[in-house]
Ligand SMILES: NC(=O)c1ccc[n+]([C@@H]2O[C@H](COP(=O)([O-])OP(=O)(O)OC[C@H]3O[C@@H](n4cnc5c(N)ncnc54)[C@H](OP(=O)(O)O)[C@@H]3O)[C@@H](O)[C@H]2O)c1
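Form predicted on its own, single chain, as structure tokens, below.
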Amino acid sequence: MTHVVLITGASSGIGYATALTFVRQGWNVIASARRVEKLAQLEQTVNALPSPHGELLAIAADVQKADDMQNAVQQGVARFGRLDALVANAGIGQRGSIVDSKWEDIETLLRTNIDGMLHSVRAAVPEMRKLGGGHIVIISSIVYNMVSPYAATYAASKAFVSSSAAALRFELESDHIGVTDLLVGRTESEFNERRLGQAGYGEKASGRLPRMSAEQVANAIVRACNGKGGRFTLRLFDRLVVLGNMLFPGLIGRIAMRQYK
């Protein structure tokens, strides 16, 4: 029996690395993203892997659209016959003042990070229920509980997805669907380059933070899909950031204010 996973935002960064990691471990992967040319590159990379490996089905889809995610699930099940796991990875960043940022940027962030996660989960869960179980990995951030001036909308969107993941663990327990809330720190990817808002805003400060590889995160995601679920961070540094946000929110906020202003 070959397991099947749907990965959103699979065209770059964590999503791309996760798709390759699952395929290498023999999973069949439904890889969804908006950028068709990047998905084509992912397909080429998979086809060049030494056998044996899993199969990959690339689907152009926008997580902001519920119909796109329903269609991605339907196409994946039609191809592979089942859906065992979802990695709700698609997301985008934004920096700038809550009052002065462009509304289009804020709306895009909210629709991608919040609506996109909800559309993906609501599309995937019915197929997992048919199997009698499954696993959902929701990609959150170590800033989910941070007082984060000039990055507040991003932090708030991750607070939403982390809160949703905690609730889903209870809601889906009787369906034997585990839910992992992965708090990810700074990672090598296109995330910063694609972030909405003022170009380069706060980069002097954030550039000093330690980074991990997308492959490191991908390996953690695969491990999570074989577990029971929960909330996890990957590095000691990230755990200290989350703890600092919890114990000293005012201090963290002041430090962030000086860095980003």
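Because the structure is a prediction, the values reported are computed rather than measured. Heads up: residue numbers just count along the shown sequence, starting at 1.
Below, we turn to the form predicted in complex with the ligand, even though it does not appear here.
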item	value
Triplet Glu127, Arg169 and Gly229 all within 4.5 Å of the ligand in the predicted bound form via a heavy atom	no
Answer range among 72 to 80, 96 to 104, 134 to 142, 172 to 180 for contact with the ligand, defined in the predicted bound form as heavy atoms within 4.5 Å	134 to 142
Non-hydrogen atom contact Arg35 with the ligand in the predicted bound form at 4.5 angstroms	yes
Heavy atom of Gln64 within 4.5 Å of the ligand in the predicted bound form	yes
Interface membership of Lys158, the ligand in the predicted bound form, 4.5 Å heavy atom rule	yes
4.5 Å heavy atom contact, Asp115 to the ligand in the predicted bound form	no
